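As a starting point, one isolated chain is supplied in structure tokens, in the form predicted alone.
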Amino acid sequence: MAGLLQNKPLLCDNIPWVEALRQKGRRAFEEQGLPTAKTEYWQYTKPRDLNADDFVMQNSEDYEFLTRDEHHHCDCGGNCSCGHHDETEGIDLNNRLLPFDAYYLYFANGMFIPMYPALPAGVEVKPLAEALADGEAKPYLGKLVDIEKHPFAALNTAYLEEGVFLRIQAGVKLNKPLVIWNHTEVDDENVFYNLRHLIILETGAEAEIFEYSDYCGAEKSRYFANSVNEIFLSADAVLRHYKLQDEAYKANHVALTAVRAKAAARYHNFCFQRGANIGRNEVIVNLCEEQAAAEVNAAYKMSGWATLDFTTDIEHLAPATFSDQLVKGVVDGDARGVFQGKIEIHPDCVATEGHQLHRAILLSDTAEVDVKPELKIYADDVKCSHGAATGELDEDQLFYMQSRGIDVDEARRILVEAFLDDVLLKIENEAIRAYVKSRV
């Protein structure tokens, strides 16, 4: 644990409330330590590799392009000759563009690159450090995450510095997705970094956000990416939040997203996990007022010795609130898939619906899936369901396809894609869906 707690110089270290929050996070992590098999929501995912004592925490001054006094404004996504995109310190920022139109924010090894897209009026984006310095972050930081129960969120809080503060004003509808792209590129260092994003949608605002974590570098690179999102949705706000996790196969990726949805707000989440040694994405949604709704879906696909974990906690705190979850996984080799899903309907929350389904396919005799669905219902007049099923590819279908001249590997690929298709259709944006499907 000592390798994760270092005396790293941080920005805004002279602001009392920021330093107090950091110290609170440090104490909470020291008291909890790393999760063990006895930690309820970590019993299937053991972060053993995080006991390493060789973590390297980089500082923003290590990178020339991360100076805080220059704000480059460019709407090209990196694929141009505008001079705002350089190859610096071994990190290539050229051609950082996905095959769909979007606004782009870039991080390199967990540090913000000060290039800003030309956003519409009513959309405010700034680095977290600026929001700490001017106090805009203060009403939001730590309000949705209990760091006494989430050790990695506590660790993230101890290093508050990097991330994005995003606010969309009332009634504003973002006309194309906002991409938050975190690119990791390391060689022989066990890099450790933390990201904290604050996302606020005011009344009637609407947006799509695509989080993308990718990697380029030495094949056996080890690193630890630890991120926390706190998302505040005011009445009638709509957020479609997509994520693609495509880390190095020896990386560790731990992410927590906490959402508060007010009256008639709608939160749509989709996460596709396909890379990491340990990849854990946890989503907590509090449906606080009537007609608030959440749709939380995910897919995972892995092999080798990976463990990919998708954990959810949906709290129905008001009557007439709605949630739905569909999670599908494909596991090969000696890998392990984990799904833990909790729906809790609080007293007097009548006319509420909560549904949850997990299905997985095992492609080898040594693959494993651990599922823990959980319903806690303290109200009458509700509709709830949960289910889980794990199986193998249909041998009859494989035989039929081979009899038509399709080799076994191609037949398996087609059947896997067909199995995941209905959950991928939960991605409403067709261009983002097509890109995610291309990575299956």
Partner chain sequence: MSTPLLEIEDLQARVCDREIIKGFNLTINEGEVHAVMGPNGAGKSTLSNVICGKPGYEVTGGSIRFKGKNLLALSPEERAREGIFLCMQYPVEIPGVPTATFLKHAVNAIRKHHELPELDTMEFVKMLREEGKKLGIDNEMIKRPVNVGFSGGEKKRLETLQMSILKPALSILDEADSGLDIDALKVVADGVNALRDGHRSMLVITHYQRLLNYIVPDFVHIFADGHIVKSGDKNLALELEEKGYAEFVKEK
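In this text the structure is predicted, and so the values were computed from the model without any measurement. Residue numbers count along the first chain shown, from 1.
Only in words, not in the display: the form predicted in complex with its partner chain, which the text now covers.
With the partner left out here, its partner chain still marks one of 50 to 58, 369 to 377, 392 to 400, 27 to 35 in the predicted complex; by a 4.5 Å heavy atom cut-off that stretch is 392 to 400. Judged against its partner chain in the predicted complex with a 4.5 angstroms heavy atom cut-off, the residues R404, V408 and I414 are in contact without exception. The shortest heavy atom separation between A418 and its partner chain in the predicted complex is within 4.5 Å.
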